[in-house]
Structure formats: structure tokens, C-alpha cells
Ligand SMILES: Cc1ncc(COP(=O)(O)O)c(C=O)c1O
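Only one chain comes next, encoded as C-alpha cells, the form predicted alone.
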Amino acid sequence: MLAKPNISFKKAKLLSKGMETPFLVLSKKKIEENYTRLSLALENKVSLFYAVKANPISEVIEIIKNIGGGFEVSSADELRLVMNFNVPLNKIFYSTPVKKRSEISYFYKEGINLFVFDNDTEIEKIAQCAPKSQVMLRIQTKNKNSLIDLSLKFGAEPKEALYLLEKARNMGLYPRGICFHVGSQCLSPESYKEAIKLCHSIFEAAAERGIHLDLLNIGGGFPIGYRKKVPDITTFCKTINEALKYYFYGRFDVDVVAEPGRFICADAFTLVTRVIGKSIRNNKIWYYIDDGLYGSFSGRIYDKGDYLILTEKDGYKVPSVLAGPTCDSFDVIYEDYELPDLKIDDLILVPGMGAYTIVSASNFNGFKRAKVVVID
């Protein structure tokens, strides 16, 4: 499936008469639909904790809170954000493997007593700043099928798992389970299957040492289509469900959670931007728009995002340069995107702009970040 705009050009034109472009259109219905689709695809057996880092704006938090979703947070500010919406503590999962002492102490003071770790020194910090807390071990997984490798920075080697779990217990902590992340924008459910199998072996080895784990976190990574199609989520999750059933359900008394971010929010947002300039440079057409790499297209840099550029124009398309509005020559979104003949003030719609875009945007060069318009 490919990302589709949640607004028509007709509606975008009407909105742009009363509002300066660029702006992002958020569909509440789409957030709710995505959350429900993923939950159903996982057979309602996996509790979903939305990864706040994907898009932390209050409108998204409120929608997910109202449908009973949980939240995965990575910092004190993200915790404060969700707590502003009176989210109960059992709906908050703190998953950062490496933390400042002050953050551990803050979360502990606020009532969070489950912490993630992946190394010796983190165990010592948690034992000191949050004594007698529950802990989960994050392990490395193979991310060969994912766009972004999230085991590059975090995750203990599986062969160290038993040693680390025993050390945590010996320091007065309570090991609860194992977590992993197969990588962002994972294109094959086989990655989850391999990781779930690995976690099964760790659960068994831990049980032989008297450590009875009861929590498994399968992370995020569920894919969405941008310019290229990805598997349907129901089909994608079938392999995950089968692996959980074979390796965990009926074998361990375990709760399973996931941390979807992109899948929940990405295609719920459509960017409305416009052509503000046009020129011929070195025999190639350049179009300048009023959003760019320092704004909503920051995902091109930080998230390897490849977005669909939609126009109303038909006709012959030629490889064109699409550039942002800032004075920095780095601010070039695409160098060879096939586009029809566009005019100044033509609107452009860009679907799939909800994840890792606005969150990493800036006001560089005095250009304000795109505003958010909420529709049903």
C-alpha cells in the first residue's frame, strides 16, 4: 500500500485561502484507524504503546489517549507531555536503554518502576537511583530487512543476556523480560520471527536459573508505504502472530507489548505546500517551495524518508529539482524528481508526512515550521 493524501486539492485550496502555506493536515480518523488496524492484525493479543518520538504533538497524544492507547516515552519531557493528559502510569512504557542518573531518579519519583537496560553500568545506575525496580533487558537483533538499523546503538549481545539478568537480580532489581527492535521501516516479518525465537531461548535459560520472565516487548518497525509499496499489515503480522503462538503463548505466562510509531501517525498527515519560485539552472528546471529540509522534509535527512510529491497538473514529466526556501544550498529536497510543468503558487500535496518530520523540523533562517490543521 502507498500513502494517500487525506485531503483533496479542492479542500487544500479552500484552507490555503485563510492560512499561509505550508501546513500539515492531520486526520483524527486515520490515527484511530491505524491504531485499530494494527491491534487487529496482532489479534488483539499485543498491547500497543505509541512511540511518542515519532510525532509528539499534543493533538496526536490526545487522540491516542482517548482511544485507550499506551505511550512509549524516552525522556522526562515526553513523560511530562503524556502525563499532562492524565495518562495512567500503567499506560506508559519508558524504554531508553541508556539514561542520565537524573532521568532515572525523575521517572522513579513520578512512579515509573520499570526500566530498560542493555549493559553493566546501566544496572548499577538503576540500582542506585531506582532501588528494587523492575527491569527489562534490550538485546541486539539483525536489522538486515530494515531501512534504519536500531541495534547499531543499543542492545546487548544475546550471549550476555543471562549474565546481565543475573547481575540485575543480584543488585536487588527484578528482571521482568526482554525487548528488541528489528529496525525502523522493517520490510520482512521474518526479522520479528528470528528475534522472537531468540527471546524464547533467553526466557528458557533464565527460568533454569530461577529468573521467571513475564514480559516481552517486540518494539516497532511496522512499515508504511511512501513511494514504494509495502506488505499489507494483516499479512505482515501473520508471521509475527505465528511466532508468538509457537514460542510464547502456552509456554510462558507472558504479556506482549509493541511500540509502533510510524505506522500510527505517518499517513495521518498530509503536507500542503506551494511553489514559490521557478528557474532553469544548468539546463534543469528548479522549483522552490515554501517547506524544505529544515522544515517538514527533515525526514529526508534523519529518517531516510522518500516522499510522494503530488500535483494537479497532467502532462509530460521531466526530472526536476525540488528545493526548500532557505538560503542554504543544502536545502534541496530532490534533485531528479519527475514533475509536470508547474507555475508559481501551484499547490503540492505530500502524503505520509506524520512520522519523523515535524518533530525534527526547525525555524532555521526564520522560516516557521508548518502549522497543523486537524480534520475528522
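Numbering starts at 1 and runs along the sequence shown. Because the structure is a prediction, the values reported are computed rather than measured.
Just so it is clear, the following notes concern the form predicted together with the ligand, a form of the same protein that is not shown.
Of the candidate stretches 180-188, 248-256, 121-129, 235-243, only 180-188 contains residues with a heavy atom within 4.5 Å of the ligand in the predicted bound form. The ligand is not shown here, but in the predicted bound form it comes within 4.5 Å of a heavy atom of Arg262. Not displayed here, the ligand is kept clear of Gly292 by more than 4.5 Å at the level of heavy atoms in the predicted bound form. Although the partner is absent here, Asn143 lies well away from the ligand in the predicted bound form, with no heavy atom inside 4.5 Å. Although the partner is absent from this view, Arg37 stays clear of the ligand in the predicted bound form, with no non-hydrogen atom inside 4.5 angstroms. Interface residue among Ser95, Thr270, Ser151, Ser298, judged by heavy atoms within 4.5 Å of the ligand in the predicted bound form: Ser95. Along 326-364, one residue reaches a heavy atom to within 4.5 Å of the ligand in the predicted bound form: Tyr356.
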